[in-house]
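Here's a solo chain for you in structure tokens, the form predicted on its own.
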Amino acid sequence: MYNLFYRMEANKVCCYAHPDAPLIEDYRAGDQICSDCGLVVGDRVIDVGSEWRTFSNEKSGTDPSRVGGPENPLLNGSDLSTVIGPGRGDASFDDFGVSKYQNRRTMSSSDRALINAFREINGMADRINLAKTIVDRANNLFKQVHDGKNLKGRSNDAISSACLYIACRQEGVPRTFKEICAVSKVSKKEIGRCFKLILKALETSVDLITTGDFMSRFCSNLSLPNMVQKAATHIARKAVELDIVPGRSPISVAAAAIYMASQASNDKRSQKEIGDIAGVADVTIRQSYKLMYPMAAQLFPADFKFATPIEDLPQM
């Protein structure tokens, strides 16, 4: 005899004698069993798994799993569709050799554009190792822009790249335009135009970029120790607070701060090495460094251990 007991406060199936004991699910029999006393507290549990097991290393091209892919709420109709596989026997074809059962091309051009854009966003995110939360946000942004028809005439590749850039900014892990452009098919200028149009169309905003947003990633890619990273972060922040680098982009200020901190330590890095990682030209780093050098004594943190004294730092 099966016993079913509900805890009213949690609306949860549990054993009446051991309400806090975890339940064991027997997928073959469809039962839920109390782990303490073995009482069957639920039966005929629906198995939501795949209909058959799928082995990816099978040589045959057939996939025995017939449950299809997960639903995509961003697509119209939640992507609930059936795809008929190719026929292999004589019964699958008529007298003229035409397949009797064919897929109807029911996917709209709108859904086709969305799927291609989502694939492009996912591909770009994979190439620069972005998290799935950023991909999901970028997909939602593209869906809003596509449904609103706000950017007619702009290529979907440019809109996808701009959506990924905005998603990175909104998730607190900003990437530079050059980093997005490196994995995109469109120019930096076109991405910048779409970025401004999307912000205006969706009436959304992004936080301003600061030097600290890039510092840890740049220093990590340059294999600099934590002491140099802390010093560079302090130098960049003080330079902005003292208004030493007016009008300079946060990326160039961060690059100049890393150059100054590394030159004062044992782990020295050249302007070219830093420029390649930060995506800025050597001359841009020199210009920002030239503005910061006269105030170097005020920029370094008090506990920094100098391997090279301030007066011996490179002068531009």
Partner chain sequence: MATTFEAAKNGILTNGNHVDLTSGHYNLEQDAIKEAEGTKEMTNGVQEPDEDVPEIDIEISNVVCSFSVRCHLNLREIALKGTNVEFKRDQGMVTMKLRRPYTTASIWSSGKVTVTGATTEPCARIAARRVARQLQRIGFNTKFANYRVVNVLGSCVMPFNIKIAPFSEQYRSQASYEPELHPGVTFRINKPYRATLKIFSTGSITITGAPSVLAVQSAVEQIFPLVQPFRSERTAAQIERMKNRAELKRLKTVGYNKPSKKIKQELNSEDGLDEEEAEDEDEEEDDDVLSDEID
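Residue numbers count along the first chain shown, from 1. Fair warning: this is a prediction, and the values are worked out from it, not measured in the lab.
Below, we turn to the form predicted together with the partner chain, even though it does not appear here.
- Just one listed stretch, out of 133-141, 227-235, 165-173, 147-155, contacts the partner chain in the predicted complex at the 4.5 Å heavy atom level, and that stretch is 165-173.
- Checked against the partner chain in the predicted complex, the residues G89, P73, G97, P246 give one hit for a heavy atom within 4.5 Å, which is P246.
- The closest non-hydrogen atom of G42 lies beyond 4.5 Å of the partner chain in the predicted complex.
- Interface residue remark: K178 is counted as part of the site for the partner chain in the predicted complex, having a heavy atom within 4.5 Å.
- Among heavy atoms of A113, none comes within 4.5 Å of the partner chain in the predicted complex.
- The shortest heavy atom separation between I251 and the partner chain in the predicted complex is within 4.5 Å.
- Taking the partner chain as positioned in the predicted complex, the residues of 199-232 that bring a heavy atom within 4.5 Å of it are, in sequence order, S205, V206, D207, L208, I209.
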